[in-house]
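A lone chain, given as structure tokens: the form predicted alone.
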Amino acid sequence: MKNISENFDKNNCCGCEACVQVCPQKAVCMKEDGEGFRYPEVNFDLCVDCGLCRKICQYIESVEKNTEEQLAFGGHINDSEILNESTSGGAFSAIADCFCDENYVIFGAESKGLDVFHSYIMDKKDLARFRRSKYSQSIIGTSYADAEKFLKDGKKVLFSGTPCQIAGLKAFLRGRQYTNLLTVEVICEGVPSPLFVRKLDEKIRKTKNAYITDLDYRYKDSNKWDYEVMRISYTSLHNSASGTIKSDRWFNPFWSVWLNHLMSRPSCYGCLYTTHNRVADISLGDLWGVHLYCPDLYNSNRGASLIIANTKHGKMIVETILEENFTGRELDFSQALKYQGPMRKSIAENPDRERFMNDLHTMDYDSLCKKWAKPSSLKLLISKYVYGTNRQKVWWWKMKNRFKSQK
């Protein structure tokens, strides 16, 4: 087994897996490296050197990006139950409900314990499987080939994923256009190594004689002042007993390590898709800066989504959801872009990344966190728990507008 080319560079592989699915001889497979990231390898006993894997590689043949005028929107889904189950404002569910009226298939990322897999559903009632942020690169499997088959059969296909996965799908389709395809991407800030949460699982196995069954990185907990916590669900190794562990996001070591870019995939540091020109019909993210430039959409800290419509197809869907089951409005695109770093530039590689990755192999979870997880600054904690930066600014905005209306 060898890498897909003699000059293989891990910085130039996002792990989209298109090369695996396009190979007619099944000579390409994905193998995990020492950092926990998956890369393609070729079995030359099966390879006939047809070159298809190289022809669809987005680092060799660039995937066309949309150049149409983009529109930005913000808001939240009207269904409170779905809103509480969603990471942000439930925009993905609103889009799926609008596009998938009949004869449809929805592709998305689904958590199964510590791992994340791409799969599909054929009933919107199962959409909860794809909600919530996973903060892990999903294993695509045969999703591109499955999507192509459904498209050729005339089904509506909603395909969601990271920008590089959407590019992988488009590369796999080799330029063929389908009016029954809607692509939705998350605005991504890099995928972390899965080894970190495996270390956490090792700790839980030792301390609680249990294993992690589910990770909700941004669980909406109404009992918490800051609302979002990391919730870990676990089950006993010896019986069916289960439990949960909750930790505030500002005190959770995962966020510190990830946001300091210590464990992202090498290609994320030079991501091809961190520009405002996107590959998908619709881009989704958190409505960062909501309290600064659109406080009317703050939604009492219950979650608000940013929606970027990149194509005519995407704009039509977004405009429809605004009329039906979504509370929101159009935003100034340049303002929205200002608060979305991953749409302007790729993340910067931390100079200590190599040292951290070495420690990730040798240290236990607590030692690793003690050395590398930086505690939140006093200024941040005061702003979140005492002064309430977002809430206070929104409150002042409401008071100011109320005063103006009374004049």
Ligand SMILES: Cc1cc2nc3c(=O)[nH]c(=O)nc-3n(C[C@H](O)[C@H](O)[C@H](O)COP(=O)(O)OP(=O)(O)OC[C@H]3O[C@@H](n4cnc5c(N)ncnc54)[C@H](O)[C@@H]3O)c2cc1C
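Keep in mind that what you see is a predicted model, and the values were worked out from it rather than measured. Start at 1 and count along the sequence shown; that's the residue number.
Below, we refer to the form predicted in complex with the named molecule, which is not included among the displayed structures.
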Next on the checklist: Just checking whether Asp216 would be counted as a contact of the named molecule in the model of the complex - the rule being heavy atoms within 4.5 angstroms.
Outcome noted: no
Checklist entry - Would Thr311 show up as a contact with the named molecule in the model of the complex if we use heavy atoms at 4.5 Å? => result no
Item to check | Ser305, heavy atom within 4.5 angstroms of the named molecule in the model of the complex | outcome: yes
Next on the checklist: Even though the partner isn't displayed, in the model of the complex is Leu173 close enough to the named molecule, meaning a heavy atom within 4.5 Å?
Outcome noted: no
Item to check | Position in contact with the named molecule when the complex is considered in the model of the complex, options Val197, Ala210, Ala109, Leu262, heavy atoms within 4.5 Å | outcome: Ala109
Item to check | Contacting member of Tyr135, Tyr234, Phe99, Tyr273, with respect to the named molecule in the model of the complex [4.5 Å, heavy atom] | outcome: Tyr135
Checklist entry - If we take heavy atoms and a 4.5 Å cut-off, which stretch out of 141-149, 273-281, 198-206, 115-123 is in contact with the named molecule in the model of the complex? => result 115-123
Checklist entry - Any chance Val20, Gln58 and Pro266 all have a heavy atom within 4.5 Å of the named molecule in the model of the complex? => result no
Checklist entry - Which residues from 150-184 come close to the named molecule in the model of the complex, meaning a heavy atom within 4.5 Å? => result Ser160, Gly161, Thr162, Gln165
